[in-house]
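Here we start with a single chain on its own, the form predicted alone, put down as structure tokens.
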Amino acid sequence: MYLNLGLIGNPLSHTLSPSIHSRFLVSAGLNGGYACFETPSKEQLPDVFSLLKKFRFRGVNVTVPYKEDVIRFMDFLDPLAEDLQAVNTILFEDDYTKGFNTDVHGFAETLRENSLDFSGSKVLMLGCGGAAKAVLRCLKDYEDIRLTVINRDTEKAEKILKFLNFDNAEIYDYNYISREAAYDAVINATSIGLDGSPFINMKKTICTKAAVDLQYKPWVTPFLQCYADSGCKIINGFSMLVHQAHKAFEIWTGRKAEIDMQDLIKLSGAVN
């Protein structure tokens, strides 16, 4: 049996998911492939889903900007995807589709790998869209966390935090960065710097414990470069990518593929 797997999103030229899932298929002893469906507009999603069903795809991942738009194509939602109203993994059965969110698992595993516990910590998060929902859902599990969220659209951030019942967060726009402040952790959930441009000036924002970026290219991202000499841990988004993919693979196949992180880093050419 040949497993058709894939990815929906836009843009997809940067994605490492095909390399990661190809390694998982080999590790699990399964015959299959992983295709990218770059979808320029959400109006094309019906055609994409028709194609996926026609060629009997077993599962697909969903990345920006469609994690909310694909929900209307789901017959069922896993409880976590329902809570977040965000789907990044889809399972196709013969007579139904089911949406899952494995981003929460991916971020939680990243923190676990790096022995990070944010209980009682002062945390700053930049951005409140895309994968930020998954990050916020993880952060909710830490007791007495003191969270500050920076977002261009403060009303949007307020709505998302209210939706997730995250009541104890402070919300500001980017003018807040001009103040001097210290945090145990700073998390970047924005796309700033993804095009190679410099990150915003973070000199007045001190990070003492860990700087965490959801981006993973280049290996030391523009955001992480801000804290490269600060003495805190710097962690990019590659581990989150791998672990959310690993969970998705298990949902599709019922098997847990081996994770050899160093092998995946080398295979993906992620370090430059």
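Just so you know, these numbers come straight off a predicted model, no measurement behind them. Numbers follow the displayed sequence, beginning with 1.
Unshown form predicted together with a small molecule; subsequent notes refer to it.
Interface residue among Arg112, Lys162, Arg146, Lys156 relative to the small molecule in the predicted complex, by the heavy atom within 4.5 Å criterion: Lys156. This chain is drawn without the small molecule; in the predicted complex, the residue among Cys226, Met240, Val60, Ala211 with a heavy atom within 4.5 Å of it is Met240. Within 4.5 Å of any heavy atom of the small molecule in the predicted complex lies no heavy atom of Thr221.
Remark: Leu51 does not count among the residues lining the small molecule in the predicted complex, judged by a heavy atom distance of 4.5 Å or less. For the chain shown alone, Thr190 is a contact residue for the small molecule in the predicted complex, at least one non-hydrogen atom being within 4.5 angstroms. Put simply, Tyr174 is close to the small molecule in the predicted complex: some heavy atom of it is within 4.5 Å. The putative spot formed by Gly6, Thr39 and Leu45 is not touched by the small molecule in the predicted complex; no residue has a non-hydrogen atom within 4.5 angstroms of it. Screening 127 to 135, 114 to 122, 75 to 83, 165 to 173 for residues having heavy atoms within 4.5 Å of the small molecule in the predicted complex returns a single hit, 127 to 135.
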